[in-house]
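Below sits a lone chain in structure tokens, taken as the form predicted alone.
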Amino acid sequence: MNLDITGRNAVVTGGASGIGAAVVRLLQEEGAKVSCWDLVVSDQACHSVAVDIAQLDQVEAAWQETEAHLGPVSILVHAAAIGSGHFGFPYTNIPMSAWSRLFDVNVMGMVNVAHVAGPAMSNRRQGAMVFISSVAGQIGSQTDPPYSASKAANINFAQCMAKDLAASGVRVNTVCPGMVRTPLNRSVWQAWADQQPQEQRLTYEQWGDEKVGRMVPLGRWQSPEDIASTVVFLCSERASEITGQTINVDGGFVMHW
């Protein structure tokens, strides 16, 4: 299927690893020119910018550098996020400092990116944004409550943006991955494992397979490429009538009746 994105310019935040890296690769395969934003310069074969999305001035500078190098950007995929590094059950296990840092990155980072990309796309009356949230933002996951709360905020703010920008032809959607083997997912396992008695600990593979078997109707992990396929479709002209939506790529983990 021709997605009609050849020659378009894209920014992918968090593009150096995990889901973000898979999105970079697929956008390139579809003919887009991509700038990868991350804390460290990506080793992928694309334009790369080292940027901390929690710092508005760095986001503004990265946007200017990207457009100077590639030209006007009409696709934004925001995948950058962190976990708290702590295990919930209950939420009081998590120090207040972890909440602050996580919200700076996962919520204010999104706000910073939106305040830079949104007006630029709106002025040109063209653009598509996809924000990577999580099924944790819909089910109130106790594993990492700050992460879960931040992902719910991502979904809600994306809907606000979609309403604001629709009149200028800019579309905004959210994709929620389920169980995906990424560095972030593994960090959640590590926080869980650190709380368990040695004799009860599971390996990362055992922990993940147990969760998949118990909670995912299709009974399998999702891959970064699974998420990227949906993201890139939403960025394309094939999705020209889709905006303000939250799409789960989760093997059926979350079903709304």
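Computed from a predicted model, the values in this text were never measured in an experiment. Numbering starts at 1 and runs along the sequence shown.
Note that the form predicted together with a small molecule isn't included here; everything after this is about it.
Participant: Does any part of residue 127 reach within 4.5 Å of the small molecule in the predicted complex? Heavy atoms only, please.
Facilitator: Result no; residue 127 lies far from the small molecule in the predicted complex.
Participant: Find out whether any non-hydrogen atom of residue 151 is located within 4.5 angstroms of the small molecule in the predicted complex, and reply yes or no.
Facilitator: Taking the distances in the predicted complex, the answer for residue 151 is yes, it comes within 4.5 Å of the small molecule.
Participant: Closest heavy atom of residue 19 to the small molecule in the predicted complex, within 4.5 Å or not?
Facilitator: Close contact exists here: in the predicted complex, residue 19 approaches the small molecule to within 4.5 Å, heavy atoms only.
Participant: Would residue 132 sit within 4.5 Å of the small molecule in the predicted complex, counting heavy atoms only?
Facilitator: Yes, residue 132 sits close enough to the small molecule in the predicted complex that at least one of its heavy atoms falls within 4.5 Å.
Participant: Only one of 184, 162, 116, 73 has a non-hydrogen atom within 4.5 angstroms of the small molecule in the predicted complex; which is it?
Facilitator: It is 184 that has a heavy atom within 4.5 Å of the partner.
Participant: Sort through 81, 110, 158, 170 and report the residue having a heavy atom within 4.5 Å of the small molecule in the predicted complex.
Facilitator: Partner contact (heavy atom, 4.5 Å) among the options: 81.
Participant: Name the stretch, out of 138-146, 89-97, 174-182, 117-125, where some heavy atom lies within 4.5 Å of the small molecule in the predicted complex.
Facilitator: This holds for exactly one stretch, 174-182.
Participant: Would 208, 220 and 254 all count as contacting the small molecule in the predicted complex, using a 4.5 Å heavy atom cut-off?
Facilitator: Contact check failed for every one of 208, 220 and 254.
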